[in-house]
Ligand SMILES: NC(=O)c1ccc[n+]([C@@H]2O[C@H](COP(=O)([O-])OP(=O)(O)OC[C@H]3O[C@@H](n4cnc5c(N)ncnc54)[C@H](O)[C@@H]3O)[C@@H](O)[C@H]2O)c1
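A lone chain, given as structure tokens: the form predicted alone.
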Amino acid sequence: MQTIQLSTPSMQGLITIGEGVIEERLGALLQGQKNFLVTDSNVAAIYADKIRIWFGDTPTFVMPAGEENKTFSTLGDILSAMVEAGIRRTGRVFALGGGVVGDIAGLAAATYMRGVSCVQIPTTLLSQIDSSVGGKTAVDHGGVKNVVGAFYQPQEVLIDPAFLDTLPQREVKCGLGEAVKYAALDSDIFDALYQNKHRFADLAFLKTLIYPCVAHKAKVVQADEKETGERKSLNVGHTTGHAIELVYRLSHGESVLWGMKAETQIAVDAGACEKSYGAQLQEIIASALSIAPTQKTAFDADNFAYKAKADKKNDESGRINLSVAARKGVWVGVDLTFDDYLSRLKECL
């Protein structure tokens, strides 16, 4: 087992990574309070027997799988089920699933009776290397992704790489989007991905990425929990990626890959990213995009750029704020007028 202590002003949390971690840690975490489990229809179907063994008669809410269900309506249904189950302030929410489950269950925990404790049990590559760590919780609203949410740190994160053995290739590709983001921020992760571009469908290799990605994120979150400075680096590829995701309904990770492809080229053209480094990063992105390819390989920037304009990372000026890779292990912020952003998008996608 590998452990990482994540200490922020709001929480002293523990992240444990290793096969068998649920059997090792879950029993103790279920003791001493009334619990509530949130999962989705995909996870409930695949792991029905294990859920019964792990959680017994714990009240459970099974939400429909998919980003399109990360809404106020679903959140309200979860909160109503918690009320019906008699969960009190001493209760604990367990989030068993991918990024959507983690986001909405975390927000339910943050808002229910002004906050009950939460344990994240991520089951996808994306959620294991990224979204389960750091305390960002949210739902989508008004056509804007993650626009309503809270920073709310989980008490513990249990990451069992064995969950990845059941992932379809498209979910692997989704997780690669976040792994490539970390390559743009961490030189060691960059080297690992660049040297193993041919192994992006190899689960044994992908499992080796969990600890370094989580360790990098934990370090950033400890330094900047509320995203006022260094945590903005974790938005690499996400401004354009979120816009693509909302309009074209691709997975989050795949959309981030397309966002990184565009934003890296924008950064190179603007002189913010070293040309040779940008070319190597584009090789990594292309290798990740080749996993479970979709028919959508070209985009009409006019169809989605306005979504980037509404992204919550922008300020009141109306300019588009991007976090981009500059050189190995270094990122910078780039801001563009909307018209400049749109014209550059048309050149690189």
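Fair warning: this is a prediction, and the values are worked out from it, not measured in the lab. Quick note: we count residues from 1 along the sequence shown, nothing fancier.
Not on display, but discussed next: the form predicted together with the ligand.
Visitor: Looking at the ligand in the model of the complex, do all three of A179, D311 and K328 come within 4.5 Å of it through at least one heavy atom?
Guide: Not a single residue of the candidate spot has a heavy atom within 4.5 Å of the ligand in the model of the complex.
Visitor: Looking at 119-127, 71-79, 266-274, 188-196, which stretch has residues with any non-hydrogen atom within 4.5 Å of the ligand in the model of the complex?
Guide: It is 119-127 that comes within 4.5 Å of the partner.
Visitor: Would S323 count as a contact of the ligand in the model of the complex, using a 4.5 angstroms cut-off between non-hydrogen atoms?
Guide: Output for S323 is no: heavy atoms all beyond 4.5 Å of the ligand.
Visitor: Is S131 part of the interface with the ligand in the model of the complex - any heavy atom within 4.5 Å?
Guide: Output for S131 is yes: heavy atoms within 4.5 Å of the ligand.
Visitor: Can you check whether L206 is within 4.5 Å of the ligand in the model of the complex, heavy atom basis?
Guide: So L206 does not count as contacting the ligand.
Visitor: Contact between I244 and the ligand in the model of the complex at 4.5 Å, heavy atoms?
Guide: Taking the distances in the model of the complex, the answer for I244 is no, it never comes within 4.5 Å of the ligand.
Visitor: Could you tell me which one of T166, Q155, Q222, Q169 places a heavy atom within 4.5 Å of the ligand in the model of the complex?
Guide: By the 4.5 Å criterion, the partner-contacting residue is T166.
Visitor: Only one of K145, H216, R92, K261 has a non-hydrogen atom within 4.5 angstroms of the ligand in the model of the complex; which is it?
Guide: Exactly one listed residue reaches within 4.5 Å, namely K145.
Visitor: Scan 245-264 and write down, in order along the chain, each residue with a heavy atom lying within 4.5 Å of the ligand in the model of the complex.
Guide: Stretch hits: a single one, H252.
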